[in-house]
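First, one chain by itself in structure tokens, the form predicted alone.
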Amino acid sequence: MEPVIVVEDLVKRYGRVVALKGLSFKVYRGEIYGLLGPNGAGKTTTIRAVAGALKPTRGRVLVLGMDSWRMDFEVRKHIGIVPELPSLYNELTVRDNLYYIARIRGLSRNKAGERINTVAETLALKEFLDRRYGKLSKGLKRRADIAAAIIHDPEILLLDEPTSGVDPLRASSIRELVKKLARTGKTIILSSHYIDEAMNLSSRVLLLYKGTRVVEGEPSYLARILGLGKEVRIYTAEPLSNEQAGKIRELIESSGYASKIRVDREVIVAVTRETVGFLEEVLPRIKELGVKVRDLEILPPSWEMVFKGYIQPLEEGGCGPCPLAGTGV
């Protein structure tokens, strides 16, 4: 399959600051490609480079085979951008904002009206079309921003922190919209510092740190090569005494199964790679201490753990975890 976007050895300097340090990756048609990293990782700079909004210091970006900087006018016909901050006119209604952008994008009056209705239906914005953009909630503003980005029906959508500052309920609805747009065949680059968002929405994720590519792959692959264990949660029927809690902690520590342990009044948490062995050998011994088990839950590795597994060693001056060997980093 031919890539829709190709980033080759991309370097961007702002004076003495190097925002991107030889970044390379490819994005294929119809996928959601996640750019994940903390603030200052280079995500927004990458988005702007793909959109043709900045000149690379070195390297290039190809969009549908076109150089995004040298052919920026042509490239932008195929791209919709949702910037990190609200970008429409506060004093205009949503309808007027969308009409204005549609006309700038080259749509006729009739076609602009049709697209406004279609997009408003897709994003559940119909009842808000005649409200001023500045009066909308943050969640509705983001929906309106997405509507503006897809008004000309682009093949590629660039989303820069689409749920930043939005409450959890509205953020969830925006993520569902992103999935819906992906199902229509659009190619999406999603920039986020929210681990769960990038990992759960994306088919592949590129982890960035200070302008450098750390690792790329499917979310499940990133967790697997780190060797992270599953989290076993044991819920007790009665509160544990201090003596029971101490003995349980000693028992789990001496078993050698768990890399992390937490014992609260009514829940025992252990992170283990050998879930079956833990349940067969350790759980019965916990019950022998007089603990009545109310419920049991086994959870996959949290994405917070995945993120820390890569970034924390770098923050501490290391070179990242050993599993990076063979990943192309």
Partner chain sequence: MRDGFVRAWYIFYYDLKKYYLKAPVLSWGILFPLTIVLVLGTGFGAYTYSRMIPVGFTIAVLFASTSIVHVAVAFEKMSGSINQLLFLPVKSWEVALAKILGGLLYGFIGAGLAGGIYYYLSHGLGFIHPLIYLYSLTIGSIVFSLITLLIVFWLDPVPAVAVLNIVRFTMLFLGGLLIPKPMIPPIIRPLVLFFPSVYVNDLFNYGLYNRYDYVDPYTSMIILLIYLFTLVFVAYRIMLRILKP
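Positions refer to the first chain, counted from 1. These figures come from a predicted structure and were not determined experimentally.
FYI, the form predicted in complex with its partner chain isn't displayed, but the following is about it.
With the partner omitted from this view, the residue of Glu114, Glu243, Glu218, Glu91 that lies near its partner chain in the model of the complex is Glu91 [heavy atom within 4.5 Å]. Residue-level contacts in the model of the complex: of Val282, Ala51, Ile32, Ile268, one residue has a heavy atom within 4.5 Å of its partner chain, and it is Ala51. Here the marked residues Arg249, Lys260 and Val291 all miss its partner chain in the model of the complex; none has a heavy atom within 4.5 angstroms. Listed stretches are 204-212, 72-80, 190-198, 166-174; the contact stretch with its partner chain in the model of the complex is 72-80, by a heavy atom cutoff of 4.5 Å. Although the partner is absent here, Arg109 sits close enough that one of its heavy atoms falls within 4.5 Å of its partner chain in the model of the complex.
Within this chain, Ser87 lines the site of its partner chain in the model of the complex, having a heavy atom no more than 4.5 Å away. Contact check for Lys135: every heavy atom lies farther than 4.5 Å from its partner chain in the model of the complex. At the 4.5 Å threshold, heavy atoms of Arg105 reach its partner chain in the model of the complex.
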